[in-house]
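The form predicted alone is given below as one chain in structure tokens.
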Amino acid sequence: MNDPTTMRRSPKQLRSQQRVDDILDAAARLFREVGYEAATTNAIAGQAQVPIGSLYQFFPNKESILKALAQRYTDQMRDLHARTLSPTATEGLPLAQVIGGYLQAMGEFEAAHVAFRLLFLSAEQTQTHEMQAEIIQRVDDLLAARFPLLRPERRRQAASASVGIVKGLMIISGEPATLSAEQSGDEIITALLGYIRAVLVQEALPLPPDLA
């Protein structure tokens, strides 16, 4: 059975790729402006200035557009993850500095990609699954490099929970919430350090100096 959230066809020519990019850019702006639920394929086509038939050549529905946008963000974030979470980039750095650097890079990415926050916090797990899974995997890789004695299954749980902590605190940052972006970042670092320390204590593993 065909996946109804998958693109009908991939662009093979430069002109077709530009049209798909225009549709995704328009969808990102519209999702940010009116929300995913209120956006329609007709409105996306209008925002992109393409005929609705051209949109349907590539995308069967709004869900497939959301999924393609999430995949675009996933691909674009790979360099960010390599710069901020890879063992080479983080070797010798205190964990608080690693987390702070990642949050700063994520903030810059969010500022440059208008719908990223909506997709990162989205409840549409089917369409954004790969993006969420990619972030969790990168955190898992970081924990594996930092804490090689941590059991893989417990490490995976900790990675998933850590991403959940970030998402939860992001929700209460910015207007009309009570925390500024800077305050939210500080609270995320405090929460993550405390949580990871608790995981290591529960697993009876030695604490590194920056978590002792």
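What you see is a predicted model, and the numbers here were worked out from it, not measured in a lab. Numbers follow the displayed sequence, beginning with 1.
Keep in mind that the form predicted in complex with the DNA is missing from the display, and what follows is about it.
> Even though the DNA is not shown here, does it sit in the model of the complex so that Arg154, Gly164 and Arg197 each have a heavy atom within 4.5 Å?
Replying inline: No, the candidate spot makes no contact with the DNA.
>> Gln18 versus the DNA, in the model of the complex: is there a non-hydrogen atom within 4.5 Å?
In response: Output for Gln18 is no: heavy atoms all beyond 4.5 Å of the DNA.
> Is Ile52 close to the DNA in the model of the complex, meaning a heavy atom pair under 4.5 Å apart or at it?
Replying inline: Although the DNA is absent here, Ile52 would touch it in the model of the complex, with heavy atoms inside 4.5 Å.
> Does Arg146 make contact with the DNA in the model of the complex, using a 4.5 Å heavy atom cut-off?
Replying inline: No.
> Using heavy atoms and a 4.5 Å limit, would one call Leu169 a contact residue for the DNA in the model of the complex?
Replying inline: Flag for Leu169 set to no.
>> Only one of these stretches, 155-163, 178-186, 22-30, 39-47, has heavy atoms within 4.5 Å of the DNA in the model of the complex; which one is it?
In response: Single hit among the candidates: 39-47.
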